[in-house]
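Quick setup: one chain, the form predicted alone, written in structure tokens, and binding and motion questions come after.
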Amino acid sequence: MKTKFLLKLSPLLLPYLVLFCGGVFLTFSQSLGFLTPLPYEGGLAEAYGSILSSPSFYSSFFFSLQVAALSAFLAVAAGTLLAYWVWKLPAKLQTAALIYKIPLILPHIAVAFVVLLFWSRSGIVSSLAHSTGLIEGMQGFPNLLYSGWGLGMILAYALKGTPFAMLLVMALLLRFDTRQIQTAAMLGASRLRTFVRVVLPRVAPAMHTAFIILFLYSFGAFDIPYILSESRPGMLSINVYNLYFKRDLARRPEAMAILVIMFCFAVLFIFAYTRVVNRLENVERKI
């Protein structure tokens, strides 16, 4: 029975084993100095020691955390509020509001160019400000995208992630019993209190799922940082790209070591986040 079950799952398991598990194995092996393009003369943990002793790694790591956390939080918050607003619309308007799904088909790099087109110093907003006399020239417009805070990447990830969060939250709201909101209103609860105490607990699982996915994607993605990232500190994905393609082949284990560290952090983050959320939910139930 187990053999038949595995054979039925083989169309899914084989690509997973070859592409994902094979990629993880190759990355881990090269981080230790094995299977590298050139013979590696360092020790097993030399690449990790070189990375973990570099101050630039920690700057990039915490900068990536900042961008990922803020963009995921903004996307989930905006997506939840917009989903609730769409859900309360009449049925005909809800159908028209499905336009929010359009950004889901846009590639991330296209969203990066949209942000660049609107918010750069030579973009549309800057041109409108100059036309209306708010600024005298291009230098009078604030440097939003490359200010050192990652605002351009945060904005791009938030714009791309908001429809995704809306999609997950809407899936739960469509199964939500509206009589609970009516009962809360009859008992004297305000709209804000009803939203916080009645609606949010029901859509919390979708919010947590969306936050984990958006956070980890923003933390390790390459496309948007390639267009909107600052030089220093750069995102970890940009550092890996530079080590892999623009440095000597002898530094390949360092690039792979960063990837292994990012993978381990992602696993630990999922584990810690779910544990904290489960404990908070258990405490709430007891209260």
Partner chain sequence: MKHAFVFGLLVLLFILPVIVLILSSFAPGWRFPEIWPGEFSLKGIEFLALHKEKILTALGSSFVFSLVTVLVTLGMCLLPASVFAGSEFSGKALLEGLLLTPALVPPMTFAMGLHFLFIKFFLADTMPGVVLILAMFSYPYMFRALVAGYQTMGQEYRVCARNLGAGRLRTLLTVELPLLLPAIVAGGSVVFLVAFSEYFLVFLIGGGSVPSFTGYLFPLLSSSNRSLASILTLIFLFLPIFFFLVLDTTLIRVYRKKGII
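Numbering follows the first chain given and starts at 1. Heads up, when I say rigid core I mean the largest set of C-alphas that superpose within 1.5 Å between the two forms. Since this is a predicted model, take the numbers as computed values, not measurements.
The next section is about a form of this same protein that is not shown, the form predicted together with its partner chain.
Checking Leu172, Ala110, Ile181, Leu200 for any heavy atom within 4.5 Å of its partner chain in the model of the complex turns up a single hit: Ala110. When you look in the model of the complex, the only residue of Leu144, Ala206, Leu82, Leu74 with a non-hydrogen atom within 4.5 Å of its partner chain is Leu82. Among heavy atoms of Gly33, none comes within 4.5 Å of its partner chain in the model of the complex. Within 4.5 Å of any heavy atom of its partner chain in the model of the complex lies no heavy atom of Ser60.
Taking non-hydrogen atoms only, Gly220 approaches its partner chain to within 4.5 angstroms in the model of the complex. Using a 4.5 angstroms threshold between heavy atoms, Val240 counts as touching its partner chain in the model of the complex.
Judged by heavy atoms within 4.5 Å of its partner chain in the model of the complex, the contact stretch among the candidates 52-60, 241-249, 66-74, 39-47 is 241-249.
In sequence order, Leu82, Trp85, Val86, Leu89, Pro90, Leu93, Ala96, Ala97, Ile99, Tyr100, Ile102, Pro103 are the residues of 72-103 having a heavy atom within 4.5 Å of its partner chain in the model of the complex; the partner itself is omitted from this view. The two forms, fitted on the rigid core, differ between the shown form and the other one by less than 2 Å at the CA of Val276.
Once the rigid core is used as the reference frame, the Cα position of Leu14 differs between the shown form and the other one by 2 Å or more.
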